[in-house]
Each structure stands twice: as structure tokens, then as C-alpha cells.
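What follows is a single chain, given as C-alpha cells, in the form predicted on its own.
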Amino acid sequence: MTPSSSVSPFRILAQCPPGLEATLARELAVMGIPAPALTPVVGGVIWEGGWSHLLMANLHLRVASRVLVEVGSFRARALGELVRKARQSVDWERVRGAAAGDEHRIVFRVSASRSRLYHEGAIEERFREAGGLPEGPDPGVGTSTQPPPATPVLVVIRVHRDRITVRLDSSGAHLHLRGYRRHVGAAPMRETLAAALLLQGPLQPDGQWSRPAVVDPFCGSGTIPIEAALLARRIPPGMASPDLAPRDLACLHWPDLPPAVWEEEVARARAMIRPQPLEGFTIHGSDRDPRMVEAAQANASRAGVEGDIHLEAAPLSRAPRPDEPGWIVTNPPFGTRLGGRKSLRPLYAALGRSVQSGGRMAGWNLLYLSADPVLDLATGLALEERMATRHGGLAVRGVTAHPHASGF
């Protein structure tokens, strides 16, 4: 990807779950942003760029949660000082412009740590005072005089060690909401986490693959196979639909958006997409529950990749097995979610045996999301950690095993 020229540079923060910063930085490098320009921070990566960077990040990043633009930064240790400096240092024109005349839509998300200012409600009140803003929307269903806003304008305020950073959300809906997943299982995996797992070995941010197949034997509603297909086809997550229509972004409604730049980025993204079906790479998913397979098929159709994925109802012992060894990439049941640890040990043992010498998938690489070291031991495999983050409040790891190269 080669960004078009950037004007009026923004200071951009792409947010991601903590632990996925290196994966996010690799995505940005593929977008054409050189590594020296990137500053990893806990929970994201910061860089400077113009409209093309901002739009590309929202369209193409698979691991990011949101893309924020800095609109102010200053130090303050008292509420009066905060009001005075916020009036001078925050780009209120951009914030108000994003609200398009309805300033009741502006909502604040405040977090404070290791600072003299720590009361988040008071900080929000003072920011509204500094910006001359009305009260925010009622968190309930609205009132007779103020209905709930259709699309809130999110301002994120971070107070850390007395440094206050103010950022405006450019994404709108959370970026893991690709729009294709309307049917989910009992323990759904976020699309961003599925993409992050796939980027630990089977696929690269530019859509290249390391082995000829990916199989998910616990596919549930199909998130991992669908994200694999989007990656391999180079379909941006912001265009995951049969007609490749781009998602609506908050920044598309900012008054200074250059329409030509948006049209250029969408056209460039469409030109990069690989034709269907893929050549030299197959994606398979299976689940023992036929209802989940039906849900996965419906989700794949809405994502526009149903022709790239082979889905079937089957237990682990009869999971799809293409002729040439590839990657098993999966999110097996967690003991804390869908059953006790004791009942899941045989399942993990069977997963381990399947890739060991003499197993049905011998010669395959295994990559899965782990939430329980005891269940990891049940696989009987030497596992290598590739990433560590959180999923639904749980600490999880992406772990790999290469039994064919380890003497199993």
C-alpha cells in the first residue's frame, strides 16, 4: 500500500488490546508507514499522518479497536488549571465540527491514573465547561426533550502522571464490528482477536500465506475461517460485504474531509483485492454442531467470502484434512466458559494427538487460543507463546506447536 500525500498531519493513535501492539505495528508497516515513524504504547501505536493515513487505518487495520486523533495535550494538577488550559489547548473547532451542529451528541470517556486529578466525573464536567458544551446524552433511552443521539461523537480523555491527552474518535462503531457476524455461538471470539491469531503464523498482513491450508475444527460461527479468507483475499475489514461497500466512519462526517482522498483510498483498496476463489490456498471450518455450521455459512455469505471457505459439520476426529499439511488455527472451548477443566482434558489430549506422529493431522502446525495452562499440558505438546492478551476478561495466549519439526 502506498499512501497518497498527507496534508494537515494528525497525531493518530490506533488502539488495540494490550499485548497486540507488535502485531498492529506490522500491519501499519505494510500500509507503508515506516517503523521509525511508529511509537508503540500500551494498548496501541501512535504516528503522524494526514487524511490518507487516517482513512487507510480505519479501512485496513484488522487488529485495531479504534483510531483516534489527538486534539489537545497539556499538563494540569487542579480543576481550575484544567479548565483554563483546555480552553486554550484543545481543538474545540474539530470536536464541534464532528458533532455537525448537535453538541448533545458529544460524549466523553475519561480515565485517570497516578495524577492529582482523579475524579473522572469532575474532569468531564470541567471539559464541558471549557468547551462550552451542553450536558451529554442520557445514558438511558432518552427523554421527551432529548432523544438518544443516533451516533455519539466520542472524545477520549486520558489523564496520566498529570499529563492530559484529548483524542477524538475517527472510527465510530468499534472496529471489531465488521458487520457480517449476526449469528454467534456461546463463547464468541472477537473478529480482531481472530485476525491477530491468524497473523501469528499462517498469514501475513499483506495477505501472503506460509502453508497451503488453514483448518479450524472448532469453528463455531466461523470467525476464524472468515477472517482468514478476508486476509488471504486482501479484503479490508472495513469492506467485508458482498458488494465491498466501505463501512460508515465517524471521520467521514467531519466537515474538512477531502472527498477525493476517501474515493481514492476506496478505489485503491478494491484494486488490491484478490479474485475469488483463491489459488493455492484453502480454508476449512468444522464444528460438531450443525447449527453452528449453518450460522458460519450465513456469516461468510454476509462477509462476501462464502466461496472461499469449506464448512461442514464434523467432530474433531473427522475434521477436514486437505492433502498437503497446513495450519490448524482454532479457539477450542475454555474450561471457564463452556465446561469444566476435567471434562475438557480429553478434548485437548485428542487435539494434541492429532498433530503428533501417527495422528490424523501429523505434519500440521497447530496454533490455538489458550486460556488454561493445565489444558495446555493435556495436549502433550511443546508449546510456544506467540502473543498474550485478554479475551472476555480472561488472560489468553496464542500458542503454537510444530510437532513435525520437534521429534513427536
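Note that the structure is a prediction, hence the values are computed from the model and not measured. One rule holds for the numbers: they count along the sequence shown, beginning at 1.
The form predicted together with a small molecule exists for this protein as well; it is not shown, and the discussion that follows is about that form.
**Q** With the small molecule left out of view, choose which of 383, 347, 33, 69 has a non-hydrogen atom within 4.5 angstroms of it in the predicted complex.
**A** Partner contact (heavy atom, 4.5 Å) among the options: 347.
**Q** Check each of 252, 314, 278, 173 and return the one that places a heavy atom within 4.5 angstroms of the small molecule in the predicted complex.
**A** Answer to the contact question: 314.
**Q** So which of 265-273, 214-222, 108-116, 90-98 is the stretch with heavy atoms within 4.5 Å of the small molecule in the predicted complex?
**A** Contact criterion met by 214-222 only.
**Q** Hey, in the predicted complex, is residue 192 touching the small molecule, heavy atoms inside 4.5 Å?
**A** No, residue 192 is distant from the partner.
**Q** Within 4.5 Å, heavy atoms only: does residue 181 come near the small molecule in the predicted complex?
**A** Result yes; residue 181 sits at the interface with the small molecule in the predicted complex.
**Q** Indicate whether residue 289 is a 4.5 Å heavy atom neighbour of the small molecule in the predicted complex.
**A** Looking in the predicted complex, residue contacts with the small molecule include residue 289, since a heavy atom lies within 4.5 Å.
**Q** My question is simply whether residue 322 lines the interface with the small molecule in the predicted complex - judged by any non-hydrogen atom within 4.5 Å.
**A** Residue-level check for residue 322: no, no contact with the small molecule.
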